[in-house]
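Form predicted alone, single chain, as structure tokens, below.
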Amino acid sequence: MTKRALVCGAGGFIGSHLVRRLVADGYWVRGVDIKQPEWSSSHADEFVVADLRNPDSAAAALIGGFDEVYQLAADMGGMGFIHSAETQIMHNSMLVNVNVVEAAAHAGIDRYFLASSVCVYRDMELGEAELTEDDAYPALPDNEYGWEKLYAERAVASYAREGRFQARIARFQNCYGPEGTWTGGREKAPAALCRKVAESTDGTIEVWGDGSAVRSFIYVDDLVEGVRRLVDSEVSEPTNIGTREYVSVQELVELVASSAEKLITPLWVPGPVGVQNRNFSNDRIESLGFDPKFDLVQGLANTYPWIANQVASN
């Protein structure tokens, strides 16, 4: 029989890509979000606009019966937003997570997927050995977004221990790709840099920090592949989904400039940079056969033209 999946946050960047993948995999999919998909029409079999901060809306989203729930709905954005909207993030995302997991616990589903984040990990020194998933404790996230994600993980795990469903929890690496937020303050670093390079007319762009912070990024198609592998596995513990390719912000600027075929000089300015470094293990997801197909050069070759086109169109 056709499996039925509910995707919460289906109007967002990763959620909309996940919907497409599930439909391609033969699922019947209901998408739900507070907004319609931003960049393209929904590929879901049914799309519901609903505010999941309301417990009645969360319960209604599950009417009809589902095998799997994918909970990606969150109030989030790039580092600027995360550092300027702490109470908003804690309030909205905690309400959504509590309401959806409670509704799912009473809906008789088989598996519940939670999108968490590598923001649960502490700041790290450059060159420090990688952290495993268990090293999230003792907990010391750099921001409230990370603390909220840890609480959501624990809530999902507690319902799973009660036998309500099987839990699958992924800690996402920074994700990028076409059809992601690229302006307005909520965009992540790759999208923000692509926009700034596309807009630059004098060969300079302003970038927060000094360029030394180290990050890793995963292309959206690879991330969705990791989600599917995790949900179909028997791994119930939190699992990092990312790549082993790490770059400094300076190197990321250079890669974006290369994709744009522009000579760009970054002007380093004060701003919220976040942690200096994160280096975490991907052994658990790789044990499931996960092998990212896109490095940054390939991923940016797809992402930059899409964002440049948005800049030109606006």
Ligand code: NAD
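These numbers were taken from a predicted model, which means no experiment stands behind them. Each residue number is its position in the shown sequence, starting from 1.
The same protein also has a form predicted together with nicotinamide-adenine-dinucleotide (NAD), omitted here; what follows describes it.
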| property | result |
| --- | --- |
| Segment that reaches nicotinamide-adenine-dinucleotide (NAD) in the model of the complex - one of 258-266, 50-58, 243-251, 284-292, heavy atoms within 4.5 Å | 50-58 |
| Any non-hydrogen atom of Tyr112 within 4.5 angstroms of nicotinamide-adenine-dinucleotide (NAD) in the model of the complex | no |
| Contact of Glu68 with nicotinamide-adenine-dinucleotide (NAD) in the model of the complex (heavy atom, 4.5 Å) | no |
| Contact flag, Asn174 vs nicotinamide-adenine-dinucleotide (NAD) in the model of the complex, heavy atom cut 4.5 Å | yes |
| Tyr145: touches nicotinamide-adenine-dinucleotide (NAD) in the model of the complex, heavy atom cutoff 4.5 angstroms | yes |
| Contact residue in the model of the complex, chosen from Ala191, Leu72, Ala104, Val227 - any heavy atom within 4.5 Å of nicotinamide-adenine-dinucleotide (NAD) | Leu72 |
| All of Gly12, Asp33 and Ser117 with a heavy atom within 4.5 Å of nicotinamide-adenine-dinucleotide (NAD) in the model of the complex | yes |
